[in-house]
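Given as structure tokens, the chain that follows is alone and in the form predicted alone.
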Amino acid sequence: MLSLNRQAIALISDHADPAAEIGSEEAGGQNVYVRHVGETLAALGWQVDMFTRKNHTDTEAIVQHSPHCRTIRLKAGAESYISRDLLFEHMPEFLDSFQAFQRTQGMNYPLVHTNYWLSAWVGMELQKTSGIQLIHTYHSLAAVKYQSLVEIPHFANTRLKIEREILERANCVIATSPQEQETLRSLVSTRGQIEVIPCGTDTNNFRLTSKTHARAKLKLDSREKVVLYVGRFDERKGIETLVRAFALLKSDEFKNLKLIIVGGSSANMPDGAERIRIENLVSELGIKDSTVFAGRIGHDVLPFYYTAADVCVIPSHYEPFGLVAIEAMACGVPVVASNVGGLKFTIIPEETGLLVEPKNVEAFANGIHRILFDELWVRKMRKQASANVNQRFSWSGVTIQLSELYRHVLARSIMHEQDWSYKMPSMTRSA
């Protein structure tokens, strides 16, 4: 539903469908980010259209989330699942579909916020012909990702080039943490405008509630010590480190430990091979009876898993931000996480969780042990973790910052200003 009284803007998320079920193939943090940003921007007075690729013949072309926010699925390649590693060749068709949609609607979006490098290419092509104001969020950086890969993908140079160009050409790039901003400057380009605006979480859904109730809901023994992982099956997520750390702790002395792994898709999808590898490792280490592979869990049930857990572990090799960390902490669950990227921004060591060396099995085992067996400290951390998220990472607070940035960029374009004089609201500087 278009409104003449609202400014229409476009969010582009090529492979991560904002209307998709979270936890399904290619559905994770980026989907959550775009969906919540779009819906909250609409609540703030914008007309928001979120564009993604139509990846199934049975899905609707347009999904209306609220009167002023919708997801629009565009034709770009076959209407079936295509790995994002194979999507770049379909981006010209995505661009054509986007422009065709604008023509049929008789409108042009003055501001486009792109997400991920594939969408960045679309945004820069639009910038060439229509003079849009272009905002970009990376979600993942090739310059970091390729450091840990043995085999570099064939499109590596293309991606690196586009990620540099979008920083230098966009009106503004959003870094989700100061650490990501530093990485962009050191590994991508010293040119271009960067503003730090974090990701957020739904603090109405992820919040402090009764652990006893959550355990009963999930049929978990109240005497068990529950270690939780939430996320995709990807080697870079470091699940192997967690599994080996758990095996170190699981002994005759600690019989009541349980490991719950939430996430993953079907065996024939890209992350299926990693899930099978982790399942085999669990068997080899003799912890199969203590490990639960819960599979995909909807956001209506996920808070129960966080609340039921004694500790949430995030063993990623790198995270630009790490939504799982703030979801867990919002539910009052201390985290043990890799001391990398945005996790150094979201987690306050010794107050809301612990940061340890990535890939270090013993360090993770020691961190998990500390949290599992220091009840007084953990009781204090539960309250601090939840309060910290509510203060710094609510979607409303985050999106207000984005909305102010959009308004500044649009106003500057009208006045044809060349210098950048925008300053983030005081709530950002104090966060």
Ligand code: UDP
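The structure presented is a predicted model; accordingly, all values stated were derived computationally and were not measured. Note that residue numbering begins at 1 and tracks the sequence as displayed.
Below: the form predicted in complex with the ligand, not depicted.
Since the chain is shown here on its own, which stretch among 115 to 123, 298 to 306, 353 to 361, 176 to 184 would lie within 4.5 Å of the ligand in the model of the complex, judged by heavy atoms?
-> After filtering at 4.5 Å, what remains is 298 to 306.
Which of 242, 324, 331, 166 has a heavy atom within 4.5 Å of the ligand in the model of the complex?
-> Exactly one residue meets the criterion: 324.
Within a 4.5 Å heavy atom cut-off, is residue 136 in contact with the ligand in the model of the complex?
-> No, residue 136 is distant from the partner.
Residue 198 near the ligand in the model of the complex, any heavy atom under 4.5 Å?
-> Judged by the heavy-atom cut-off of 4.5 Å, residue 198 is well away from the ligand in the model of the complex.
Quick one: does residue 258 come within 4.5 Å of the ligand in the model of the complex, counting heavy atoms only?
-> Output for residue 258 is no: heavy atoms all beyond 4.5 Å of the ligand.
Using a 4.5 Å heavy atom cut-off, state whether residue 30 contacts the ligand in the model of the complex.
-> Flag for residue 30 set to yes.
230, 237 and 263 each touching the ligand in the model of the complex (heavy atom, 4.5 Å) | Every residue of the spot touches the ligand in the model of the complex.
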